[in-house]
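We begin with a single chain expressed as structure tokens, specifically the form predicted alone.
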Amino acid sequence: MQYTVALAGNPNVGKSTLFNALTGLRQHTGNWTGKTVAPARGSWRDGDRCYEVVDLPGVYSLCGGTPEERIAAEYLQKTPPDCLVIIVDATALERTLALALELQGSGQRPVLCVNLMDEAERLGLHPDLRALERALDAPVVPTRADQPKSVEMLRSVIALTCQRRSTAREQMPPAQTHWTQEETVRGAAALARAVCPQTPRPRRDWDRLLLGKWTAWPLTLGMLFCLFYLTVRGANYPSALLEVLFARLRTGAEALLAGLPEALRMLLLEGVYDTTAKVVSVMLPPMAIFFPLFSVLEDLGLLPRLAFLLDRPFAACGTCGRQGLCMCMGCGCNAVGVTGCRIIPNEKERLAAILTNAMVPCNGRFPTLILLAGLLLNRDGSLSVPATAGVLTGCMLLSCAVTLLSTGLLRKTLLRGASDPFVLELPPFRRPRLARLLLRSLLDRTLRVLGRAIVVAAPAGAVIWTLSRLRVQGAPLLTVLAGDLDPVAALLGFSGTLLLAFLLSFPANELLLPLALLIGGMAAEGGDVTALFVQSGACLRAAFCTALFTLFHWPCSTTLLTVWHETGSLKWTLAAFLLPTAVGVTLCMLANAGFSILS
């Protein structure tokens, strides 16, 4: 027997967390509205019964016009589940019960899950769940997503409901009288007051500081600086240890592969192993620190506050603060940021956010920017941690400024149209669950992204090594290609070797520096990063222009495929490729001209 269970509810009531608890999966969760933008599927088995769980996007009503509301309404209309679980917030029954009444009025017989009971108790709220059960004529289950006993109770009620539905499907009650939206809201408010008359204890109003007129931006910039400071400070030592470890492992690999033909042995060692080792040693330490710290900000509920701060500058550009959330998602992965643009209801605003998301540096570009920051500060590349964190903060501010300008240009030219009002629910501050947060950020983010980079790096290293052994008129093919690109790269302020590395790292941004070292023939000698910039004639100029082009150039292949999937248009996918590239080329040429004038 197979049953379908759908999870529905308002945004940020804990649907995804309950979905993970029910199915054992690790769907990413966050303390902000609009985290889930597409249905997620999982299942659990109980003997010969299989329960497929569908986590629908968070919606306030099925009658609205946002993409999430259309997705949820279309799913419930076309594929009615065997059991519909409506999840409400025990701390905000007046708001979250409206969807339950709307679904019940459409003829559904749901299971009501009253989640976040622990937070309600801390606020002094004690809802009468039996009265709620009688009023709705539906099973009511109190839950805490981190409490296995309450999750098992929910599973039992779901199983009983599914079995009853399957044996008496022809006796389903007819749809009740359809309430208007205003009647639904009033009915939810009256029901909430009846079952929970207590007044919640006041919470500390941290928003006076985080959203205050004089304190908001200094605190935001301070947190951003601290995020980069801790990432750089913590990444230096593990990165050096990894390089030593991989050097020792290479000695063992040489002995292990000693019996192979020389060409194959060098292909595996210099091509596959050296490239993969460099990617891991450069990427893993910053990601292992950055992602957990970023997850802490998510769990605290700081990202929607940032969206509110960014709403005013985005409104001046013809869009809204929701794009700020998409930018935050792009810091992890631009493909995820493009998918996250679904939370923007206005089609033209959403398209503008998609086309500009790659201007936010993703995790694959952060290691490169860290190294370049060191070269900007010292010719030998040694890192002054506070200064490096300051350079990275400046890179993020420049990225935001260029994103705003590009968005404004798009909204006044190709994507003209009216703007929608910005409405976004501020979630309450929540204490991060550190154990779950560390496990999720390491497994779901760090290792997943690192695994994708390794899958791309190993064959890319083999291909680059093979091309480096091919000769054209007595010179290696890669050297010839880099030389041919030197005139173009000179206009941008760096070498043809680096431009060729940018082109070949199109599958994944993480490959840039390892491929540049391999193309330059220096990977086997320990990877002297500084030499790549010295050969351009001016270390500072080359490092600065390379940093600009790292911030603003074409998206990786995964991001472009995501853009094509979201827009369904080759034209807009090409625009997503050309727009950041044009910005990067323009800024690099201006910076190169400025260095020439100063010198």
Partner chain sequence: MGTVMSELREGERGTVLVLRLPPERTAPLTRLGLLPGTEVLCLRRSPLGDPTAYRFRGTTVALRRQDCACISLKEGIACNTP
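Numbering follows the first chain given and starts at 1. Nothing here was measured: the structure is a model prediction, and the numbers come from that model.
Keep in mind that the form predicted together with the partner chain is not shown, yet the notes after this line are about it.
You can rule out all but one of 413 to 421, 499 to 507, 264 to 272, 77 to 85: in the predicted complex, only 413 to 421 has residues with a heavy atom within 4.5 Å of the partner chain. For the candidate spot formed by Glu52, Glu152 and Arg448, no residue has a non-hydrogen atom within 4.5 angstroms of the partner chain in the predicted complex. Contact annotation for Arg134: none of its heavy atoms lies within 4.5 Å of the partner chain in the predicted complex. In the predicted complex, the partner chain lies farther than 4.5 Å from every heavy atom of Glu347. Although the partner is absent from this view, Glu94 contacts the partner chain in the predicted complex, with a non-hydrogen atom inside 4.5 angstroms. Heavy atoms of Ala315 reach within 4.5 Å of the partner chain in the predicted complex, making it an interface residue. Taking Leu129, Ile71, Leu398, Leu426 one by one, only a single residue has any non-hydrogen atom within 4.5 Å of the partner chain in the predicted complex, and it is Leu426. Scanning Ala462, Leu409, Leu309, Leu293 against the partner chain in the predicted complex with a 4.5 Å heavy atom cut-off leaves one residue, Leu309.
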